[in-house]
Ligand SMILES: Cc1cc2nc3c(=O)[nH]c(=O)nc-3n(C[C@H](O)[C@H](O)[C@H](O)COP(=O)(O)OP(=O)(O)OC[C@H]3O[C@@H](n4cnc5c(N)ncnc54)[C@H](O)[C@@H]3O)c2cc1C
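In the block that follows, a single chain appears as structure tokens, in the form predicted alone.
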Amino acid sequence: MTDEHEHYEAVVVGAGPGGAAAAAVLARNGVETLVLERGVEAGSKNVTGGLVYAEESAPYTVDALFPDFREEATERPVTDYYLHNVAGEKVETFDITDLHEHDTAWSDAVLRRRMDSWMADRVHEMASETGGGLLTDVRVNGLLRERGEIVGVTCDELDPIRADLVVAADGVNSELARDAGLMDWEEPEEWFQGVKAVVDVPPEIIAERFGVADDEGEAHLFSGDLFQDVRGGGFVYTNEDSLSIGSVFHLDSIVEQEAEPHQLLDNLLTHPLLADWLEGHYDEVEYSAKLVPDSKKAANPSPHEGRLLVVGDAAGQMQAQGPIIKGMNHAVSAGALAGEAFAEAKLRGKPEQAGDLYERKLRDEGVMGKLRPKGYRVASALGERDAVADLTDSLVSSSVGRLGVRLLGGAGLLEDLYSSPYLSQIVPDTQTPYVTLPTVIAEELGERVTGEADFEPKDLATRIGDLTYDTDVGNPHIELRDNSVEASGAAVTACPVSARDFGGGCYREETVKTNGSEQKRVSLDTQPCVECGTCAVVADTDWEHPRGGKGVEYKEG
């Protein structure tokens, strides 16, 4: 490589919350900053559950970086927060608004296409004043190195670009983090998978069904027996004129149970409680999916290498601990701290120290402590042992356990325990908190709900057909390295756009007859891919993003 390549002081890869925050802080400090986004527009590749939080203890909040953010880029403030324990048609609901409001200045429901594209406009204006700007339809495919040192990035659509700082905010499937050895896809237990339907519902119906005013909103979580024993749960968030309805599960549990993600979503959509909310108003406008890092296990405490600083999902910075689900706020903090670290290091005349300074800021500002709580490491070391987990499950389901649930529930103590921020952080990732205990709570304390869905959820073929794709013909972004069922068969069911009996999805299981023998093989069609990356973890593949502007385009996100 030569010095003829274009040079910027900073290149930020990805225009989501982490990238936007990094670019905003860099630009405010006069750092010449170029932002590269692979989608046709910021947000077109992104999906959230989702709520964005402003924490009182956070070093940065998104509205502080982008004035008017809440007025122009979000859906509704979330003012009430509930957890529904489900056993069949019996439901026991806990009000956990106190947990939601702990350390919370505000929290709003968002849709990524609207939010990210709004921030991208501001980022472009700010970065342009430094001599940089924001470019879409550009896929950064790797790190530019000289004599082994990172000196910039390489792209599909542009010549290599040199930079004094590279911020990788390229999401959960970060090619830059993997290139630098800061992320791997080896362990399914380090990931969640979420699927979501956006359902159009008029504001007046949302107001009627949920009892909220224009400046109010609700969040609902679901756990118990409605998800086929898969560890995880469901959610409903009220947007301005739609509902985000989805589910998030541990990926290893999806694989173990051979569960089909779209079917788990349908279980929630057709539950009697949802039937009451959606009666006469089921109009699903978008189906989407996303892989999510489990920060307790995947958050990198040292997310930097040379000139590369990694933020957001690319650094595993997604906090999902019991009913606490936060990610975008941590991406904002991390991105801003990365920009701040470079600006300070540059001012000292030692820009090469930006990575170490970024790591120190993540620790000293309390971000890493939230992402990887010490209490969880202690609790999980014992609580996630199979023998202990099985014993806990048996105890909760026993007559003694049920008596305890009735006594604690009758005194209102169970609801208080679920609202404890500390307990939420340390709860082990076992069947007990997601399935066994919520089911027992509903069976012992719940009331029967009687709603009946007057609709059938869209089938998978229709959901895929409704999405917008610009297929990169001749350039498949996934290739199977081993198409045996043993190596890649988990993708047939775990892929959110495939199913065992559905032939139109990404992954298919086939029986191949050769020389009188039969073998089960897996085949792949990347055309309907939603780019969640699930198969990169559960199958033996070469996985990369489609080229800039190609692949799926989310309208809601």
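The numbering used is simple: start at 1 and walk along the sequence shown. This is a predicted model, so every value here is computed, not measured.
Absent from the display: the form predicted together with the ligand. The rest refers to it.
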property	result
Stretch in contact, per heavy atom within 4.5 angstroms of the ligand in the model of the complex, of 357-365, 83-91, 169-177, 264-272	169-177
Joint contact, Val11, Ala27 and Pro303 to the ligand in the model of the complex, by non-hydrogen atom at 4.5 Å	no
Any non-hydrogen atom of Ser295 within 4.5 angstroms of the ligand in the model of the complex	no
Touches the ligand in the model of the complex: Ala336 (any heavy atom, 4.5 Å)	no
Leu144 within 4.5 Å of the ligand in the model of the complex, heavy atoms	no
Close approach of Arg112 to the ligand in the model of the complex, 4.5 Å, heavy atom	yes
Contacting member of Leu51, Val522, Val31, Val62, with respect to the ligand in the model of the complex [4.5 Å, heavy atom]	Leu51
Any residue of 325-343 that, in the model of the complex, places a heavy atom within 4.5 Å of the ligand	Ile325, Lys326, Gly327, Met328, Asn329, Ala331
